[in-house]
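Read the single chain below, which is given as structure tokens and is the form predicted on its own.
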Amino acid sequence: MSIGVFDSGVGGLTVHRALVQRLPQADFIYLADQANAPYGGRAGEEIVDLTRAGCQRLFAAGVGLVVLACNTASAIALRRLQQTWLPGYRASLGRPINVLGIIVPTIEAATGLPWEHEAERRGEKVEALDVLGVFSTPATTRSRVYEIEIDKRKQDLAVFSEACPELVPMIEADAGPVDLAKVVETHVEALKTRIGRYPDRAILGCTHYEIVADMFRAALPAGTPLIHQPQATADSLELYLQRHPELDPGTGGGRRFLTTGEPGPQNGLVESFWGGPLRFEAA
């Protein structure tokens, strides 16, 4: 079997690269749903349907485990798929399969606490000592998943989200660095205005944003820690596979890149991040 990595576009390559570096012998198949990207402005049911279709494509290609390298899909679709679709589909295939997301490991990294931890509720109001900024797609921001789940675990951490609807289409379209940097700066300043100051730490809550992480670093005060989803996801997946040997990731080091959009080479911004030429096959 192999590991599938799914995203609406090329942003999930940031996670894919971290997984490949952590598990170099494993076999990976990456699927970008570029025909339907971006997901961030879509309705919830559309996101669920598109994510299910992507997972089905990857399972049909022989993967045993799909990692949703997409915050929007993880926030909106993952729980629904795990609860209402995956059990029956697993039974129909007659083999072990699962779908994981990237929000759980990100929240664990942000809080320093395991997912199972729940904060002790006290009667008095807790004054937040730390402010966490989350830059994300509109759908992830609307879901309030980071605010809700972090508050359950760490009440002295205040979370403020900033939706950045322009960034994913710009990155997919190979926008220039000057234009991208202006958009990043605008959203960092907008978040600062709402908080009243810059955040103490920040999550790049869309895997596309990792491609322009240097621009976020430049727009934020020097030294502001960024919580990197690719690293957190790689840490989590390695431990998960140790606990679930039935989900064999393969040993051939295979790499396939599929797209529902236009096959062929990817744009210069993505190839620069990846570190070399990158060609996609038709899904």
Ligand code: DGL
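From 1 onward, residues are counted along the sequence shown. Model, not experiment: these values are computed from the prediction.
The same protein also has a form predicted in complex with the ligand, omitted here; what follows describes it.
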*G40: heavy atom within 4.5 Å of the ligand in the predicted bound form?*
yes
_Taking any heavy atom pair closer than or equal to 4.5 Å as contact, tell me whether T141 reaches the ligand in the predicted bound form._
no
*Could you tell me if A202 has a non-hydrogen atom within 4.5 Å of the ligand in the predicted bound form?*
no
*Would you check, heavy atoms only and a 4.5 Å threshold, whether V188 touches the ligand in the predicted bound form?*
no
*Please determine, with the chain shown alone, which of 149-157, 69-77, 107-115, 85-93 has non-hydrogen atoms within 4.5 Å of the ligand in the predicted bound form.*
69-77
*Which residue among V184, V168, V99, V134 has a heavy atom within 4.5 angstroms of the ligand in the predicted bound form?*
V168
_Only counting heavy atoms and a 4.5 Å limit, does any residue of 246-283 reach the ligand in the predicted bound form, and if so which ones?_
none
